[in-house]
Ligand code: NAD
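So this first bit is one chain, no partners, the form predicted alone, shown in structure tokens.
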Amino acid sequence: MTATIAKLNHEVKDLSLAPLGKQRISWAGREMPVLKLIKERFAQEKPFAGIRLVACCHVTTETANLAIALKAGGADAILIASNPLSTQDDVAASLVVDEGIPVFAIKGEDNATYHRHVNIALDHKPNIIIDDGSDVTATLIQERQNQIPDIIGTTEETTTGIVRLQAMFKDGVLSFPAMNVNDADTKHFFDNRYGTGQSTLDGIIRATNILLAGKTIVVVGYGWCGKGTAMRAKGMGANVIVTEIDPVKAIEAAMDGFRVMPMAEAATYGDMFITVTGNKHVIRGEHFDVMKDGAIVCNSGHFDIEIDLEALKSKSSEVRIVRPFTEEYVLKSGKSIVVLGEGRLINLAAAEGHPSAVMDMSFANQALACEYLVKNKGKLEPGLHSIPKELDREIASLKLKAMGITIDTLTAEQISYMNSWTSGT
């Protein structure tokens, strides 16, 4: 094994962390039965034989199980981090030592290192890109156009990344197929809602150890991630306010029992603010001006752009670390604003990300989307493609089976009724 490691290109924090990482990867795998079944099939069929694959993901125990499944399927894969603060260093070490998978990811890596790793990934000359935020795809299109003919396709599982891919296609630069994993029912209904909802509050509590009950929490955005976050915060006893730009989502939030108002108004009420929009500067300088002394702000969107930290710095006389992943900005006015996780994904910066049980379905989608791209090489038009409904239903059925849950099936009479237009009153 030592000789193998010596030949294997990698950049991780500490290979001696591998035993702990292996133990934690195995623990996560217990909660990922669907991906396990897919891995077992991949090991027999080898759908990725001869395929070079790059995965730009949060390097967590769940991602490790995905990487292991892809390698079992014959993929020549390397893994890089999709966010500077989301890597679990023991997991990265175990993938190198125990699985022989090249990993380039270090928790806390600076932006220059992150971008260097993106270019290392592209040096692998991938046929398939698993992207998380579309940084690798965007860099390929902007800087490595000579490699585009090698691309079979890409998969994307974040709202942020899907928005970027849509913009690429609109601008006429997305010349290969991209699988929209994010919008699969077995992804966003569960990962975005239940995964983000639980892991966001987990990260906040680990970073601050504050009591949520009785606090006024402002959830910025009411997409699936916002719905899950608001639901979980309410369940912990918080008074939840929602801000939105979409009138339909705003009505939904109101009918779900939340107060809805503009950020300019909500900023005066909130004890804590959680951004989950995928957009830029949804909390800005004018909002900091009216916040309470000691207000806490954090982000659970993919990129660290939702909170305008430059504006906050310009208003501050001092920034000090008060706990791990917790910084207090002392404003020139005398009050303070607390920022968690440097404005990056709080659920991965201060905690361990989504529970394995929901990532089981998300990464089952990723694995099957990659297989779908290979099977349909040359047949798919450039642009975004939805996960086929039959794959979505297969994943749901496997998950139910793993949970020991059975459901009804239609009778012959019901099938006949549903396929007929002649039956009426």
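Just count from 1 along the sequence shown to find any residue number. Everything numeric here is computed off the predicted structure, so don't read it as measured data.
The form predicted in complex with ligand NAD exists for this protein as well; it is not shown, and the discussion that follows is about that form.
(request) Report the stretch among 322 to 330, 171 to 179, 190 to 198, 89 to 97 that approaches ligand NAD in the predicted bound form to within 4.5 Å, counting heavy atoms only. (result) Within 4.5 Å of the partner lies stretch 190 to 198.
(message) My question is simply whether residue 249 lines the interface with ligand NAD in the predicted bound form - judged by any non-hydrogen atom within 4.5 Å.
(response) Residue-level check for residue 249: yes, a contact with ligand NAD.
(request) Using a 4.5 Å heavy atom cut-off, state whether residue 270 contacts ligand NAD in the predicted bound form. (result) Residue 270: no contact with ligand NAD in the predicted bound form.
(request) Could you confirm whether residue 282 comes within 4.5 Å of ligand NAD in the predicted bound form, counting heavy atoms only? (result) Residue-level check for residue 282: yes, a contact with ligand NAD.
(request) Spell out, yes or no, whether the shortest heavy atom distance between residue 278 and ligand NAD in the predicted bound form is within 4.5 Å. (result) Judged by the heavy-atom cut-off of 4.5 Å, residue 278 is in contact with ligand NAD in the predicted bound form.
(request) Kindly confirm or deny that 65, 117 and 365 each have some heavy atom within 4.5 angstroms of ligand NAD in the predicted bound form. (result) Not a single listed residue reaches ligand NAD in the predicted bound form, so no.
(message) To verify the annotation, which of these, 129, 307, 220, 77, has a non-hydrogen atom within 4.5 Å of ligand NAD in the predicted bound form?
(response) Contact with ligand NAD in the predicted bound form is made by 220 alone.
(message) Just to confirm, with a 4.5 Å cut-off on non-hydrogen atoms, which of 186, 137, 160, 83 contacts ligand NAD in the predicted bound form?
(response) Exactly one listed residue reaches within 4.5 Å, namely 160.
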